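Heads up, the chain below is alone and in the form predicted on its own; it's given as structure tokens.
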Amino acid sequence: MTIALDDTLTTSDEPEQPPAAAKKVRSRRQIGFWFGVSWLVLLAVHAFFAEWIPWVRGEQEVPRVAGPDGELIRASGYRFGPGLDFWFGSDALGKDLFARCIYAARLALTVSIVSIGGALIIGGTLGMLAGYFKGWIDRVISVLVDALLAFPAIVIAALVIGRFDSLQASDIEFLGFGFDWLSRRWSVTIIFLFLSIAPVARIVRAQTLSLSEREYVLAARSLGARTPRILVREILPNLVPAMVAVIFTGVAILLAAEGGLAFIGYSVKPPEASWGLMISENRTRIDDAWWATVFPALMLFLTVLAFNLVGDRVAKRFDIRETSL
């Protein structure tokens, strides 16, 4: 018996090549993604292993370099611009600006990652409960989330950090413990964690609402699986891609927020290094010592850009549409 084949079945099995424009867009995305990964890896290695890297001077070190006649010259008063001795130049106190930018990266990354990590634990739990149980639990959590989102973030951060400063300076004790540990670094971390809970909870709730109606979740319910097992074994693993995208996007936003707070004087205090603080301290000398302002701003810009590029690629890879904080 002869079988007539349709014309569509006789075509080549080779996949259709995308148009040239699509190839260019894909290539640009690949370049952006790998730039972001390379920058973040390089920055993290320098930031967290600065003490063991020979070309990173100590944060508080005021070095002296040999002049033309061999005399040691102190690098005070923006004496040295970018060069072999000082890659990013020296600041008003003679400190190596490259080293201070690296130590500022340690501060910014630590504060942002710890804040978003704590927000994922608290906000992620609230979002899972709201999206899975629905009903009155969802309504209560949604009201709390909407109330937190209504706060003007920067204003609240400045007010709370000011109160934390007063609390640290006071003799108040809680359960026998004082608040002398509440430095600006901890204050910024706590307020960022608090402000990140609501957006994380909303994202996780939206993802959980979708996942809770999937076939494998319904099958687990029909087999008599308990709620904790369904949440931990069925829903949580499928939330991981969304959470990874949230981490990258959230850290980028918190990096910019920390820089903004430092610029207006509500992040760490001198002599600790912060990109925003260095920009604020040196902006009046941008005409004759441009490097002291430009390089910290460039470090902040490239780091935020890198986190956004990687986060955007992760979101597209897993088709996550609600990852903006």
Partner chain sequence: MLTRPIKNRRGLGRTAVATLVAFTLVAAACGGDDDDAVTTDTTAPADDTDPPDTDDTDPPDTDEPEAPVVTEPPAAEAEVSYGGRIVVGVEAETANPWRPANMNCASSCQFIARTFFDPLVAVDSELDWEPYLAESIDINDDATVFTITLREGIDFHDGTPFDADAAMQNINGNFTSLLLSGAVKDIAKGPDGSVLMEKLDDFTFTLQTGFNGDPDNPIPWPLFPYYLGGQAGLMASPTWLDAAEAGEADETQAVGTGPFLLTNYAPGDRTTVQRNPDYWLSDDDGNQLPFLDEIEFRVIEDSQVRGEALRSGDLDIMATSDSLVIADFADDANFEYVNQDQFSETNYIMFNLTQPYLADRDVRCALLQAVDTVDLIEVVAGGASTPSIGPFTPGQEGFLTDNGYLGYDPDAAAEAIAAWTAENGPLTINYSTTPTVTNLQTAQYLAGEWGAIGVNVTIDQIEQSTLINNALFADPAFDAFGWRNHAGLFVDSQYFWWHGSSISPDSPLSLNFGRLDDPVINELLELSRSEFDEDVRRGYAEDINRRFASECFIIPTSQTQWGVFHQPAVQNIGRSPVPDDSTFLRDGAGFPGQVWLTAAFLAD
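On a predicted model such as this, the values are computed, not experimentally measured, just so you know. Numbering follows the first chain given and starts at 1.
Missing here is the form predicted in complex with the partner chain; even so, the following discussion is about that form.
Taking the partner from elsewhere, every residue among Ile264, Pro270 and Thr284 has a non-hydrogen atom within 4.5 angstroms of the partner chain in the model of the complex.
Taking the partner from elsewhere, Ala169 is found to have a heavy atom lying within 4.5 Å of the partner chain in the model of the complex. When contacts are judged by a 4.5 Å heavy atom cut-off, Ala92 counts as touching the partner chain in the model of the complex. Contact between Arg106 and the partner chain in the model of the complex is not found at the 4.5 Å heavy atom cutoff. Using a 4.5 angstroms limit between non-hydrogen atoms, Arg184 touches the partner chain in the model of the complex. Comparing 231-239, 218-226, 120-128, 92-100 against the partner chain in the model of the complex, the single stretch with non-hydrogen atoms within 4.5 angstroms of it is 92-100.
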